[in-house]
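Given as structure tokens, the chain that follows is alone and in the form predicted on its own.
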């Protein structure tokens, strides 16, 4: 098994030190030998002889070389709730009997066994391979950058006479990708543009959706000739189709605030948890249909941007970008930055807890500029408000919720739908309404 590049430094200055057990064996044998000589009683020497033999054998088998160590997490990233391995590699030196390790898990990281306590006897196979592997199962229950480690490694010689370590190993940081919430919608996305997706366009072109039968024109393919109509009218007719097109879906994630607590064992999630997982679910759904998806994260700490793309690799890039999100408030949002890359016909999906008026103002501004905008409300019912132990904070939170309701009504009256995130089918009704509105405008 290859562990790849080592993540911890070697420790050539460490040495094998005498243990208390070996020191007691030498002391007891010395006292027994002196007592036998002074009292002229050989039986006392016989009582201490086994300890003397063990001490002599241990001194003769003392390891001569110092092991090298490293901490490696083979997978560079994993999904929420997915188990992975953290491997502590220790050079298998001769005359080493036991190797032990312990591991510290960072926030939102679970270890199996607890604290990564592992002990293993060095076997001939380990000596032949040249390295001992101590494997601890690790699992991260929340997306983001998670820390695994630091770790401590130690070893002992036969009879526990000499010990090496414990040696500290530096921690590893891995990306934990958000696990997309279950999201499924059969509703069409409006305003398709390119020629790769599954949505039917209102514009004729190459595709699989039937449009009409029309007279033959120069440049039409012979395979499209409709022979029944041609024979009946004595004039060549061909079938035409609608173009198979894709939609540019722009996902805007408002990461200015993170309300509530994220405790996986209790099943609690914060507003930012819902926002990130909803963004991952929406992106994965539209990418699976062949559409192009772009991502913008609005945050003062991590203002991330990912241009429009499609395919499986782009889905992985979106998940990796979402794993870097960190919340931090921002006084103002630059509308030019939000509008960048959003052309005509783009479907904008804004995901926000909507606790500040700025995201709603941006959604209304985008809608007035001619874009189709849908707002997903990530402040679900089980998100606990801040300051729940403070009466003044609870009163302020209730007042803010009343103001928020008034702001939502105003933005909905301006034509921007606001949908609470409810998991499967959250956007079905809204996308159907947008499609009907678009068909009515086309007529």
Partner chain sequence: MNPMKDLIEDLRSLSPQQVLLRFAIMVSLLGFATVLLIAGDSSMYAFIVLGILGGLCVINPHTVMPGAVLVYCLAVWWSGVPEPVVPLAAPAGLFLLLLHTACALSAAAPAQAELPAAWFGQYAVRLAYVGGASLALSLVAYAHEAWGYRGGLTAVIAALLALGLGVGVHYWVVTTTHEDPTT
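In this text, all values refer to a predicted model and were calculated from it rather than measured experimentally. Residue numbers count along the first chain shown, from 1. In this text, the rigid core denotes the largest set of C-alpha atoms whose superposition between the two forms falls within 1.5 Å.
Unshown form predicted together with the partner chain; subsequent notes refer to it.
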Check: Non-hydrogen atoms within 4.5 angstroms of the partner chain in the model of the complex: do 333, 355 and 361 all have one?
Finding: no
Next item on the list: Quick one: find which of 400-408, 65-73, 370-378, 414-422 has residues within 4.5 Å of the partner chain in the model of the complex by heavy atom distance.
Entry: 65-73
Note to self: So, residue 41 and the partner chain: in the model of the complex, are they within 4.5 Å at any heavy atom pair?
What the structure shows: yes
Checklist line | Contact flag, residue 119 vs the partner chain in the model of the complex, heavy atom cut 4.5 Å | finding: yes
Notebook entry, point to check: residue 97 near the partner chain in the model of the complex, any heavy atom under 4.5 Å?
Noted result: yes
Checklist line | Partner proximity in the model of the complex: residue 27 to the partner chain, non-hydrogen atom cutoff 4.5 Å | finding: yes
Margin query: By the heavy atom within 4.5 Å rule, which residue out of 230, 270, 323, 156 makes contact with the partner chain in the model of the complex?
Written below: 156
Item checked: Rigid-core frame, C-alpha of residue 42, shift of 2 angstroms or more between this form and the one not shown -> yes
Notebook entry, point to check: So, does residue 52 move by 2 Å or more at the CA between this form and the one not shown, with the core held fixed?
Noted result: yes
Note to self: So that I can tell if residue 65 moves, could you say whether its C-alpha shifts by at least 2 Å between this form and the one not shown after the core superposition?
What the structure shows: no
